[in-house]
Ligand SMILES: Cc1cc2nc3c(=O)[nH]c(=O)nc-3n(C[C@H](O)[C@H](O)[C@H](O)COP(=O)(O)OP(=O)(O)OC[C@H]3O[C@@H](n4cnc5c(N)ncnc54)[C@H](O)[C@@H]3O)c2cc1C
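The data below hold one chain only, encoded as structure tokens and taken in the form predicted on its own.
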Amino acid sequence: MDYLDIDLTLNDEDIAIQQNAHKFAEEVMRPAAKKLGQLTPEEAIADDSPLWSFLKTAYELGYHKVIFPEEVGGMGLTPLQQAIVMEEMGWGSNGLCIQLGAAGAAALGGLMSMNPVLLEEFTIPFCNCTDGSIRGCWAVTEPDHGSDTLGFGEPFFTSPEVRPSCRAKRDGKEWVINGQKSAWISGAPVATHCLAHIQIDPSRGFAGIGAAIVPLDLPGCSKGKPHEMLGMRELNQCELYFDDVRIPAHYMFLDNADYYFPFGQQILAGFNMTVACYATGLARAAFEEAFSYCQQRVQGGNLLREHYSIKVKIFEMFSRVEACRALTRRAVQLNGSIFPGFPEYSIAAKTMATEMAFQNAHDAISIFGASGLSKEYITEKLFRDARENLVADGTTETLRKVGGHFLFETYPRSRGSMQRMR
């Protein structure tokens, strides 16, 4: 169905970008996600998997580099255009959105480092890749440590007694990495590189973390088996293992733990706003499915749309979509335009959008009844994906605590502390 976008500031270019992204979501993402969702995790990454044709098409069209600036080969979109594209892609498939977003993690590390060598070695080649052969992932969580890396302000965060399991030591002109990352690393089974959070200062616990770009074909790197998940079955995930993996010193681009807090601030400001946009697209998809069904399904002698309770429920779903869209676009326009970013706005957008998307998916199934639980309709997938989104990039409860910490830690904000990105 055509869906009204009430943002009257959209120009012809914005609308064309939106239409092209929706066509990609409808004609490429949804069919690929459906096929991948019917496969086992091993089949989904096999040589004959539809994943590869999807990635090739996505890279050819440039949808792997939505958030990258034109200077390094990115799409060069405005923050508003980025939000529009990510919402449309979220309408298509949240799992494949995260697959593409994770693919740029190592390249994003190069961009954040502003090291010309890393830009040339990782960022620019990724942005110029058109066949899907360069794929990153973001290795943060560990088997014994889920959200501990987000424990800013907590007593344990600086305790040497609470240590990450993935650690690195400097050895001359190299860093040597040992340890394991958890099974929930999006895109890891097919990744060629990773952006890894690694402890470099044991005396500071989780506050002693650094960040490195690690090519996954180096000796000592290995992967676990891909895992089967409740939702986003089109998204492959697995563990990463590091056994005396040696990387050149400049690959550890965050080699001073004093900068982990501002690094984490930027990561939270960036990644949460993207997931918020994806969730907004999912919330809209659930609303549109229910809205369309209500105009076809007859119950009690009347179309569902004529029932009082349905009108109330549909309007609530519509209102959630517009609330999500308003806050997510605002967060993207803010954090896509300034440095350093304000993670509290991205976290607010992510937690609100994912919860509202879950509620919309729940209400869509209520309207469809038993049909909504069958694989004949997309509603059951939207519900599973929406539930998984409540955990993606941090649980809602954890992120709200982190958002509150940033509110207290950085209050008051001043325009003089920001600088606009060129």
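Residue positions are given as counts along the sequence shown, with the first one as 1. As the structure is a computational prediction, the values presented were derived from the model and not from experiment.
The same protein has a further form, the form predicted in complex with this ligand, not shown here; the description that follows concerns it.
K.L.:
Hey, of 145-153, 286-294, 115-123, 69-77, which bit sits against this ligand in the predicted bound form at 4.5 Å between non-hydrogen atoms?
P.N.:
Careful reading of the contacts points to 145-153.
K.L.:
With the distance limit set at 4.5 angstroms and only heavy atoms considered, check whether Gly92, Phe368 and Lys381 all reach this ligand in the predicted bound form.
P.N.:
Not a single residue of the candidate spot has a heavy atom within 4.5 Å of this ligand in the predicted bound form.
K.L.:
Considering non-hydrogen atoms and a 4.5 Å limit, does this ligand approach Trp184 in the predicted bound form?
P.N.:
Yes, Trp184 is a contact residue.
K.L.:
Going by a heavy atom distance of 4.5 Å, is Glu388 a contact of this ligand in the predicted bound form?
P.N.:
Contact with this ligand, yes.
K.L.:
Taking any heavy atom pair closer than or equal to 4.5 Å as contact, tell me whether Glu397 reaches this ligand in the predicted bound form.
P.N.:
Glu397 belongs to the contact set for this ligand.
K.L.:
If we define contact as a non-hydrogen atom of the residue within 4.5 angstroms of the partner, is Ile177 a contact of this ligand in the predicted bound form?
P.N.:
Ile177: no, not in contact with this ligand in the predicted bound form.
K.L.:
Just to confirm, with a 4.5 Å cut-off on non-hydrogen atoms, which of Val332, Ile209, Leu100, Val140 contacts this ligand in the predicted bound form?
P.N.:
Contact check passes for Val140.
K.L.:
Using a 4.5 Å cut on heavy atoms, which of Gln265, Gln82, Gln199, Gln237 is close to this ligand in the predicted bound form?
P.N.:
None of the others qualify; the residue that does is Gln237.
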